[in-house]
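As structure tokens, one chain now follows by itself in the form predicted alone.
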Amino acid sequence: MYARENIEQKLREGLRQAAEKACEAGDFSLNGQELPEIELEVPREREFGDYSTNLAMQLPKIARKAPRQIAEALAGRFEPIPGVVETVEIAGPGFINFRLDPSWLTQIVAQVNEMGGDYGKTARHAGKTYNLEFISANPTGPMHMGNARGGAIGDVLAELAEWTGYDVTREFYVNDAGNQIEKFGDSLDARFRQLTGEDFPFPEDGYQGEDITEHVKEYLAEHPGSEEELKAQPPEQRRKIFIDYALKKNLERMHSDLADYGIQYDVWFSEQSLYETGAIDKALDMLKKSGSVYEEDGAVWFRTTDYGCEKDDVLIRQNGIPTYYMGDIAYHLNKFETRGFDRGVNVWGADHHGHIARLQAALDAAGAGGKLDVVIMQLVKLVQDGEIVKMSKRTGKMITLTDLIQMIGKDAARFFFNLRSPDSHFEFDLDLAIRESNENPVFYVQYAHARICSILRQAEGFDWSDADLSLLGEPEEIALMEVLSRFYEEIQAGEEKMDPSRITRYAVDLASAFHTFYNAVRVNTDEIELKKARFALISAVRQVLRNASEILGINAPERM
């Protein structure tokens, strides 16, 4: 159990005992009802103590007394906890505030140094499987900035899930079927005809990126003499040849680019496989059993309105071809019903927001409701030299994931994309991301780690294993230990709220607390016992910075 967990457990138990004693003494009565769950929070303002509870404000209807009177009774009956609680105070209409004995914080330092790389991990979701699908870009061209943000968000969400005990599968859904693939084939075929001298119009809605032309050139270079043979092929067959070739190349590049970005997928799931394995038919049968499927005008419909949506949706078109919606339903039922995942999380762009309700409706109808969560990710505006960088995937004028990594590096990209919660719009300042100054948050965090490594390296051979941590009492030391104590909570909150930005913000807070501490006290002091204690403290800070960096997928450099 983490030290802060232990403190909270003692506070809740103390409040329960105080309520029992207050009832026995006739201060108030619960009138046969159970005490509600005791909520504790860390006040934003230090003047309100280290913990606060609104328990007294939850009881007036039960106890038939004013919150302030109940709070006074609870505070008066709260038994002192030596070495934990210094004072119990009442504030406002009935808040009960606790001030803790700062000495409890030294437990954090010892615990971090003992647990090392495991500090922050819990087993709360042990035994549960978790499928995280993110990026899932169309394999028709290079990955762009939206994919880059989705990758950073998704990979950190996966880490947070693993740190809370889930057995996580990272999954990429390869959209290798449907209209975008047909458009891809048309674009490749048009470029082939143009390159071989034919006056052929390029499709208005085709993919105009230079990569389309390069694919055709590379195919012809790898298959000498194939030009005439290709011209003789029916257009459909020629398009298929180019699609198979270019998709394979694009997927290989995706694997390589994502590896450079620090992302490794466990599963690359082919959309086309849903049609080849009968998963579409299986999913349709499951929906039919719900009674919400009907035929009209030659098409098969799902009565989405039965589940609160505004209109019904087509599953199978009049021509017998399943819609994208039907494929998506089959894919998610494959996750939950065929592969048996306990939970699924998708990271989607904001343009998919309207698709969530109808997908959830279908999962409810098929008996797989309540298992899927969707993280909506807003777009990011790139800023360079004070100007917005405009991008277009259709015209090929864009910054790709590879471009971004080359410009600012993997660490800055992953860190900056997680500076805000996924549902937040923000401007990504490319100039700031490469600046070596305290204004750059990733540099600020990494410099804190490197500075600690330098201090410890210079004192090589100095043993602080028997440090007397009770010597840590300076305000800056206490503040630093308080930030250390929050790490496991931020991990849990980040996983629960599906918000990786909690870890980036935490890392910045910890780096800031360390820099403030370093500037206020002398770490390498002549007082040997105090030096040991401070070395133990900065060693703990280094470890937690490393753990946070592991979750964020960035380096923790020892020299800068």
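It should be emphasised that the depicted structure is a prediction, and the values quoted were computed from it without experimental measurement. We call the rigid core whatever largest set of C-alpha positions still superposes within 1.5 Å between the two forms. Throughout, we count residues from 1 along the sequence that is shown.
Omitted from view is the form predicted together with the RNA, to which the following refers.
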Going by heavy atom distances of 4.5 angstroms or less, which of Tyr130, Tyr265, Phe443, Tyr261 would be at the interface with the RNA in the predicted complex? Phe443
Answer with one of Tyr219, Tyr447, Trp104, Phe269: the residue that has a non-hydrogen atom within 4.5 Å of the RNA in the predicted complex. Tyr447
Region of this chain that lies against the RNA in the predicted complex, out of 112-120, 347-355, 401-409, 481-489 [heavy atom, 4.5 Å]: 347-355
Indicate whether the candidate residues Glu41, Asn179 and Gln378 are all in contact with the RNA in the predicted complex, with contact defined as any heavy atom within 4.5 Å. yes
Taking heavy atoms and a 4.5 Å cut-off, does Ala493 contact the RNA in the predicted complex? no
Is Ser421 close to the RNA in the predicted complex, meaning a heavy atom pair under 4.5 Å apart or at it? yes
Could you tell me if Arg522 has a non-hydrogen atom within 4.5 Å of the RNA in the predicted complex? yes
Can you tell me whether Asn54 touches the RNA? I mean in the predicted complex, with a 4.5 angstroms heavy atom cut-off. yes
Residues in 528-559 with any heavy atom within 4.5 Å of the RNA in the predicted complex: Glu558, Arg559
With a threshold of 2 Å on the C-alpha, tell me if Tyr173 counts as moved between the shown form and the other one once the core is superposed. no
Take the rigid core as the frame of reference and indicate whether the C-alpha of Leu258 shifts by 2 Å or more between the shown form and the other one. no
Superposing on the rigid core, is the Cα displacement of Gly151 between the shown form and the other one 2 Å or more? no
